[in-house]
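Given next, in structure tokens, is a single chain: the form predicted alone.
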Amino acid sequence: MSKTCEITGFTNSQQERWALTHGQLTSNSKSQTSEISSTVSEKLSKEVLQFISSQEVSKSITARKEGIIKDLKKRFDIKFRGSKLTTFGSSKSGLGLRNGDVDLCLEFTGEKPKKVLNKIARMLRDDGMEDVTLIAHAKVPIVKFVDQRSKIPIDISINNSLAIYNTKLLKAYSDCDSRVRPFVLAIKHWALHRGICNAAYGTFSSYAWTLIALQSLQTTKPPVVANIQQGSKRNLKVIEGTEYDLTMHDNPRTLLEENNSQSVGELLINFFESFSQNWPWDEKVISIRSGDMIARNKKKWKQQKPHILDAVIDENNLRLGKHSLPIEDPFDTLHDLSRVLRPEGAMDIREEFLRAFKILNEGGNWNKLTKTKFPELVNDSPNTDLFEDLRMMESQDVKDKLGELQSELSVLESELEIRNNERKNAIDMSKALRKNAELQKEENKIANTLKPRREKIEQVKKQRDSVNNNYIPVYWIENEMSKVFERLTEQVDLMRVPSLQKEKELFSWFFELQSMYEHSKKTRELHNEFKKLLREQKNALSELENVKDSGNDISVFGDFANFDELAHKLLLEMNPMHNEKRKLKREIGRLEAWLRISSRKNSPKERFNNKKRSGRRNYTKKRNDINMAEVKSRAASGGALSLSDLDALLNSGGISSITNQQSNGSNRDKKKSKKKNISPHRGNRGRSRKNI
């Protein structure tokens, strides 16, 4: 059973983790410290300056960073029209470690930043980048990732325009004094390797440590740097709807009244002593904008509950109260950089300050001071050589590895194909079930219209039949009415005037025709309605048959929602498999590229040329040691030849040289014989065959 301290409330494990802090909190008297000798400070200065010389960014790393930024710009130009990608942060201010991250700001109007970052995160994952993390709930949402090839960490934020001015401010501080950069980098390196420079893990960010370091340089006696943000002429600018004071002095070096002559080692010792022995955050706020720490009351940043000790003891508290270890942003003065702290992170910071000063007080060196606490969180070896791990491998080992990866890729592709087919079948089944459900709805809808229409047909038929007795066609009545009307309205011949009785009969007949017309018209309307309803009923029945024929009896397979869920589940399974496939293909491509490169270097022609170039003198020397005349003589006479003799013979012209030599000898003999006959004689010139 673990015991807890009555004073601090720490458990045994907490007492062990924060031993120095626990000792300071439980001690009644202030810890005794002796003045650190000048020898220690001189040694520390020398070690830090040696460390700084190692922090110069190599051309290969610079080229790789520029390559990543250039590639991202191309991608963003396509994906986010009108966007602008800007580099800011420590890599631009000159206060970044050699292997520090690259901060990028994407300025873009249109969509909400979180939505844009979601798209960027998906794009980066598809590209195979490592540790892609979306921090959406931060004050400035960012996407963090690590370049899969070089292992360079990169942060991307959206419309973080104020950070560009912060970078300009830090660059101005860095240019004030030659000690600023080594001092700040030394503190950042120490914090990084001691595990207290990672906002994602609940400690201060690299930017926060820069502000802490600059505040220390402002408050030394005399100060190393002055407050750059002072000046009578203020520079106010509205960014994202908020007005900020972006004033920066044009020539900050002129602000110092007295020069500070301390070495970097002395400045570091003062830094660790100040923060370990006189913990400033109980009553103060870090504020480089003011040039000095300011009181919490003046800033109105009272520490809120839970306090650090209370939060550490209560394991349920994952966050501290606001303004626990407050650091004011130099431009956004409402922003406290300590908002990211967690209880354990704040305790680790205090413990590391005490540890650092203890080591220096005991004469410890830089390596001990910055001994890496969590190696997995430190990136000290960016890889700019794509084939670094392959250069010392045998070609056959690379081929074996390539074969294994190709086999693994084949298996993965088979699994993906199976899942893809299964997902396609699930989607097809879902569509079929949806269609079947829709057809069923349509069938029910049509069927529901049949009965009411049938009843209406019977009703109309009955009405039609009830008025259909002695039905006379409407067209006949219309023709007869027209004739009677003409007779009644025609001009009368005085000699042939119809009788009164005849006219009464005509009028009576006209009125009767009118009555008949209304009756026949109603009958015709009812009949037409009857025929229309019959057509609709017939069409409905035909449509119903077609719907029944189109549908399949697949309802036994379940609901389409189940197949939708299965398709989505398979998609979630396939996404990481696709990522793994991309990684395998990239690695296979890398191995194949290396084999091509290495084979060109070791090709027979290349080896021969290298061998020829490197061994030309030796071959010449060997050939010079052999008597070629003797070798050719033996070859001509059929004598025995050694391998070296044969090699020398081949290199001096081969068998043909012997034949040529023999023929040349016979020609010389002929010439010699001709030369012996020197008596005058008639030549053959001008002779013809007749004279012979």
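Position 1 is the first residue in the sequence shown; the rest follow in order. Not measured: the values here are computed from a predicted model.
What comes next is about the form predicted together with a small molecule, which is not displayed.
Item to check | Among the candidates 273, 127, 351, 101, the residue which, in the predicted bound form, approaches the small molecule to within 4.5 Å (heavy atoms) | outcome: Contact check passes for 101.
Checklist entry - Taking the small molecule in the predicted bound form as the reference, which of 484, 163, 591, 117 has a non-hydrogen atom within 4.5 Å? => result Looking at 484, 163, 591, 117 one by one, just 163 meets the 4.5 Å heavy-atom criterion.
Item to check | the small molecule in the predicted bound form: contacting segment from 93 to 101, 519 to 527, 71 to 79, 261 to 269, heavy atom within 4.5 Å | outcome: Residues of 93 to 101 come within 4.5 Å of the partner.
Next on the checklist: Test of understanding: in the predicted bound form, would residue 180 fall inside 4.5 Å of the small molecule by heavy atoms?
Outcome noted: Residue-level check for residue 180: no, no contact with the small molecule.
Checklist entry - Should residue 206 be counted as a contact of the small molecule in the predicted bound form, where contact means heavy atoms within 4.5 Å? => result Judged by the heavy-atom cut-off of 4.5 Å, residue 206 is in contact with the small molecule in the predicted bound form.
Checklist entry - Would residue 337 sit within 4.5 Å of the small molecule in the predicted bound form, counting heavy atoms only? => result So residue 337 counts as contacting the small molecule.
Checklist entry - Heavy atom to heavy atom, is residue 194 within 4.5 Å of the small molecule in the predicted bound form? => result Residue-level check for residue 194: no, no contact with the small molecule.
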